[in-house]
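Presented below, as structure tokens, is a lone chain in the form predicted on its own.
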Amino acid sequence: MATGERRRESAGAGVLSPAARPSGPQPSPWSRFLTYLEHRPDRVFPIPAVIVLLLTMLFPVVYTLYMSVQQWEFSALDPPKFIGWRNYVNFLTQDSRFWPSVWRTFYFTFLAVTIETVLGVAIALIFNREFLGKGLIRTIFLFPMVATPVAIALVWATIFDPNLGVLNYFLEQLNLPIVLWTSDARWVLPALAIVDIWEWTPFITLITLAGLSSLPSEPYEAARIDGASPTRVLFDLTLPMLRPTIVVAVLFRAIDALKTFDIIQVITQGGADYSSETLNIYTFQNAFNYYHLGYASSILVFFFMLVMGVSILLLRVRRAAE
């Protein structure tokens, strides 16, 4: 009995109550942060960049949404005045230049992207073969894509010039009528699409070449054994397997073409009686020529939703293609 009590006393002597435990100095928050930084730098170091990126992206969007419900004439000294949805109602129902600019935006995008896709895929199929000087020709072909858009627009404005332009010179040599490329309402959007096609067809070609390099070789070996013709291999094997890659290229180009501003602004400024005034150009005119900043902000919000809708639609097409 006494022995058992002594054992319990000796065992209890080694266990201290929380109040009796020695309390050392606790680490400061800065020390704990340094310890966490030492063990997980991958989570800490990107934080400043993420914060700056979020502010850079969110502030213009939030401020544009705020301005879209205000009436603010930049030429006046009055502060912005809240008018609710009146700006949206005005351009959707009363503005005679708004819906034509939307139609021109889609027409320009469809015309440019369709031809770029056809040419880009065809040129990629050519570059996928071996021939003399392939590397040099491919490098030269990529030059338009890396050039400055404003410089490209200035060069093409000279080419389209009705008196000095080389295009009309060739038409004269062929005994064809001269075309007023940037002054005729029938030709101005196709002329601008030519500039976009010349500049961005290499982009479609690059993406298609990447897709061609990743295609499996087994289906082609089986088709060769079956004696399939090159045309059948192209339409039954290559193009179906390239469909997801082509849809990705079309997605990127369609979004970019919808937002085209630089070449149109430099070459025509939306001119030829507004016949080249796309939605981007019309927004710019309202904001910086007419100083209707609130009205222009509401059009920008609509334009943002429009581009977002087209992007979602093309993404669904891409999933269906896969």
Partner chain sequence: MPVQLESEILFYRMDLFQEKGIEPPATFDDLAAAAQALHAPDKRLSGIGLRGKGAAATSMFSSFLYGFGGDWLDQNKNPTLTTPEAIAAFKYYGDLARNSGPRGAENNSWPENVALFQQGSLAMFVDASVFKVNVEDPSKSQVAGKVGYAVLPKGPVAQDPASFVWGISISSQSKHKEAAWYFIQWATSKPQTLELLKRGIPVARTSTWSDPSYTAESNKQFDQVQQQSIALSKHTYNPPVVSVAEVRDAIGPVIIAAIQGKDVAAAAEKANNDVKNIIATSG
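Numbering follows the first chain given and starts at 1. This one's a predicted model, so the numbers in the text were calculated from it and none came from an experiment.
In what follows, reference is made to the form predicted in complex with its partner chain, a form of this protein that is not presented.
Judged by heavy atoms within 4.5 Å of its partner chain in the model of the complex, the contact stretch among the candidates 58 to 66, 265 to 273, 30 to 38, 43 to 51 is 265 to 273. At the 4.5 Å threshold, heavy atoms of Ser183 reach its partner chain in the model of the complex. The closest non-hydrogen atom of Glu172 lies within 4.5 Å of its partner chain in the model of the complex. Contact check for Val146: no non-hydrogen atom falls within 4.5 Å of its partner chain in the model of the complex. Taking non-hydrogen atoms only, Ser217 never approaches its partner chain to within 4.5 angstroms in the model of the complex.
Distance criterion of 4.5 Å from any heavy atom to its partner chain in the model of the complex singles out Ile178 from the list Ile178, Val89, Leu239, Leu154. This chain lacks the partner; the member of Gly84, Pro230, Pro162, Pro80 within 4.5 angstroms of its partner chain in the model of the complex by a non-hydrogen atom is Pro162. Relative to its partner chain in the model of the complex, residues Arg97, Gln285 and Asn289 are all within 4.5 Å by at least one heavy atom.
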